[in-house]
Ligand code: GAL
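The chain below stands alone and is given as structure tokens, in the form predicted on its own.
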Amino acid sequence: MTLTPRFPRFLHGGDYNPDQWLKDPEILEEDIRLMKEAKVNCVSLGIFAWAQLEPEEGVYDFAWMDRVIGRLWEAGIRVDLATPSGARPAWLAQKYPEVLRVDEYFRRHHFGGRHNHCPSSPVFREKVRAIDTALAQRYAGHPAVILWHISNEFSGDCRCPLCQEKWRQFLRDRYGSLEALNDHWWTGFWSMRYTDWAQVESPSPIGQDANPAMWVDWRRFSTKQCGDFILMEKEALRSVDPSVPVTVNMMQRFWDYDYFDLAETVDVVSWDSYPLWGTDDLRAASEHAMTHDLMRSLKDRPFLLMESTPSLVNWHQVNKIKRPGMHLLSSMLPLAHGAQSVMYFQWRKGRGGAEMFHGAVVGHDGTDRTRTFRGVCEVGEALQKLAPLYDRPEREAKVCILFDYPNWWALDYAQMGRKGAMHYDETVNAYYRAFWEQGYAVDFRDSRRFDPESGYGIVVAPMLFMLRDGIEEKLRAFVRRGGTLVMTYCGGVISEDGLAFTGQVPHALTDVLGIRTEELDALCDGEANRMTWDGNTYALTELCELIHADTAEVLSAYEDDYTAGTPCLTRHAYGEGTAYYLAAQAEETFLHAFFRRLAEEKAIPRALDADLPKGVVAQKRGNAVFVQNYGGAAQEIALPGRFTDLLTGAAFDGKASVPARGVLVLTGNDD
């Protein structure tokens, strides 16, 4: 499917801020010349331009925007047009200070920064709705405008009186009564019981900060607040012209909001990807490949890479530039996972401000005579050569990993194990990486959206601490129908409202798994236990659970300390399927070997039927295989037949050489 029906092709371009250069009109003409040279076909426009679009309350200046969009259209460049709500103008904060955010210490912020607004403020909503409507009325019908870009990288919470009242209403809607709220939050502990709704405030470091269930509900509420604001902006745009799709640029696996929920508010999922290349490139690639697959999974359709850097960022502790070859390689990574764009922040470096030294396609020298610019041109040419893949079928995954935001929040707020360092996100990525490095396609689902009849062969549920939306019954049905389930330590401990289950755990799944858990032990940094599986011994670190194998087969046991001889890895037949339980955090070499065994048993295909050297990974999109070398040196690979590289036209028969930081996009000669 196409995400931008008005312009159905791979998008190449990035954030463009001509409003910063209005005193230098020659810059626009030079930018257009350079964009055409780099094969740029789309730019994101107006993201932080509110002060220029509305210099005084109710006084709009669209003349400069008219000129920019007109010239871009004449040059064949389309526009992803943003609403400017991410950063309000000074006059708005001065006249209506109530639009500014109140922080966790209940302090009203001053003007400055971005996303420093209250999503509940009627004044702020009124002003946003007004400028959004004016933008839509002026530009929705312009042929250059192919996408609405709502705000920018939503983040943060507000605790003003208006948001406090919305918080209480959210809890009334969720629990029905104050008595039910007290029960679900277990407020008998520490005499926290509420007797009046007015007593219920948001969690805060200077107030109520020790109730994990309350904190998880606050994250749910903050997600809802953000989603409601997005829907308000979307409705303002759609009321003028519903034909232009709407997106919000997300930020990797952003912890603050549930992205599965926010994805329901937009037509197109997009996100901003900024790996730290130049250290462990394979690990960085796996981190961002996981997010690409998450973004694709949010709506089961392609996504847009809305921002990336053509060179470096300016906000890491150490800001490394991309090594030769890395820009093309890193730009092909999202395409391999379903992206329909490669976009950058930013097109031209500004002369001042917080991001004046952030990488850009055009630097302060203003020329095309740079390594960065040549790399962007190379990507533009590659996207044209890969045009046949635009409408190719999406990746068909037979592996599903459960990644659940409320579960993540609950683990992070839980005072147990390695408090504040349960490493849920890192653990999910380690499981994902074991499949990704070996060429297996992976989908992500959360508990609400997992369907036991989706056709997956393997479902992995790492650290599924919270059971919600009937996930235990869904997993039971999946195994009973013949699926292979892998659950791990910290599984099935609390309900969706944060209360610990009484009775045996994993709750409602002990008969499926054939085990029951007793205690969770936390290991200090540097400590480890061991287990042996399939003739190899593996280290176990951080978290080790004591379990009992009631009817399950013990595949491996702990080997050290007082736990020696007790089960660590089990297998249990249930219905037509099999359920495994891994009771400890195992090293990545085990995960690679174990999941390879399970995938082979389920006859799950790989992107390329060949064993690749360490650092080289293959992912399939349609009939093409993206072979990517993150290993730092040229690698020889075996190929199962004859292939042609879409990027260079080179033909290969049985083997190929992949340069350091190189990429091949291979199609079989029979395709």
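For clarity, every value in this text was computed on a predicted model and none was experimentally measured. For every residue, the number given is its place in the sequence shown, counted from 1.
This protein has a second form, the form predicted in complex with ligand GAL, left out of what is shown; the following refers to that one.
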* Asked: Taking heavy atoms only, is Thr83 within 4.5 angstroms of ligand GAL in the predicted bound form?
  -> no
* Closest heavy atom of His548 to ligand GAL in the predicted bound form, within 4.5 Å or not? -> no
* Asked: Does Phe48 reach ligand GAL in the predicted bound form, with heavy atoms at most 4.5 Å apart?
  -> yes
* **4.5 angstroms heavy atom contact with ligand GAL in the predicted bound form for Asn152** => yes
* To do: Select from the listed residues Asp368, Glu473, Glu355, Glu235 the one whose heavy atoms reach within 4.5 Å of ligand GAL in the predicted bound form.
  => Glu355
* Structure fact -> Note: exactly one of Gln340, Thr291, Asn249, Ser330 sits with a heavy atom within 4.5 Å of ligand GAL in the predicted bound form, namely Asn249
* Which one, 412-420, 308-316, 396-404, 570-578, holds residues whose non-hydrogen atoms are within 4.5 Å of ligand GAL in the predicted bound form? -> 308-316
* Going by heavy atoms, what in 334-348 lies within 4.5 angstroms of ligand GAL in the predicted bound form? -> Phe345
